[in-house]
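Coming up is one lone chain in structure tokens, specifically the form predicted on its own.
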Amino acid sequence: MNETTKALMKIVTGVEGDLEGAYNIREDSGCAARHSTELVKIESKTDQPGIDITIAPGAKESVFIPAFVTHGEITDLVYNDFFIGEGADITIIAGCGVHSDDHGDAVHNGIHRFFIGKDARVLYVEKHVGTGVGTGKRSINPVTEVEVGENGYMEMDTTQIKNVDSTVRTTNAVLLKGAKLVIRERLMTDGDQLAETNFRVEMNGEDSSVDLVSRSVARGNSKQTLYSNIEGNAKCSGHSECDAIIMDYATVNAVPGLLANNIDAALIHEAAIGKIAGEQIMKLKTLGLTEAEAEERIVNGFLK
């Protein structure tokens, strides 16, 4: 791994030094390091760039699959498939860092597919970040396809709060009987950055459920759009919530969609977009903070 990858690794994974357990580190469209375990096998695809991750039934492990672009003039594309065995309990630390100190664009496009077995549980943590002082754009476009098996559970914790110029984030999920999906998205844009999020969840199994919460902050001249679509095709429950703070000259567009195709489908959507309340700023200023410090404290608390 080069030095830029090492620095991005700490930001994305929270780990400094060597990783433990199963991992695959992608650097500039190639594999920088890989390790499988007895219960987690990571193998290269033979027909396209990417890897297959096969997790044994009943396994309880952590898997790291970060990807990095460390200079301009790179457009990385990767396909990663996860096959998660029945009753497994897995934490997957993903995420991507894109870095450019030159005039070239640094782009990462990742397509991840999850096939989650019966009674399996998955925590998927994905953090995206851009770094570097070059004029090239830093772009990350993740696509996540999920199928949660009977009584399975998946929690997605996704964060993008720094220096990504353009992103289109797409998540499509299908839930079978008793399956549950929890999504927590945190997003911040600034300057002229653009961000689009697309959620689509189909609840096809009886007693399936989804709880989707997106929190975002839009600063500068940035633009954000959120599409949230939940479809209930059986007795199920779905909740979608979009909360956004808008600042400066930014724009935020929240487009909810609920489709009930079953009389016992209970679907709810909530949305709130607004500026930081003046009384919140005043209260913090009385404690000795400047206005800028007060705004930063509120924003950090909102996205926490």
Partner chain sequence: MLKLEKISWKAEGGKDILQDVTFQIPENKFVVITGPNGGGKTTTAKLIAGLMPPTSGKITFQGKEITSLDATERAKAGIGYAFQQPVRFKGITVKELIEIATGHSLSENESCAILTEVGLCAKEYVNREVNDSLSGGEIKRIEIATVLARRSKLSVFDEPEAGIDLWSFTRLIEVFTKHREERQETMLVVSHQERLLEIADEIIVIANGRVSAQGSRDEILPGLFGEKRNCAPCPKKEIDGYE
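Positions refer to the first chain, counted from 1. Since this is a predicted model, take the numbers as computed values, not measurements.
One more form of this protein exists, namely the form predicted in complex with its partner chain; it is left out here, but the text below deals with it.
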31-39, 49-57, 272-280, 257-265: which one contacts its partner chain in the predicted complex at 4.5 Å, heavy atom to heavy atom? 272-280
With a 4.5 Å heavy atom cut-off, would you call residue 243 a contact of its partner chain in the predicted complex? yes
At 4.5 Å between heavy atoms, is residue 289 in contact with its partner chain in the predicted complex? yes
Just to confirm, residue 15 within 4.5 Å of its partner chain in the predicted complex by heavy atoms? no
Does its partner chain get within 4.5 angstroms of any non-hydrogen atom of residue 298 in the predicted complex? yes
Relative to its partner chain in the predicted complex, which residues of 20-40 have a heavy atom no more than 4.5 Å away? none
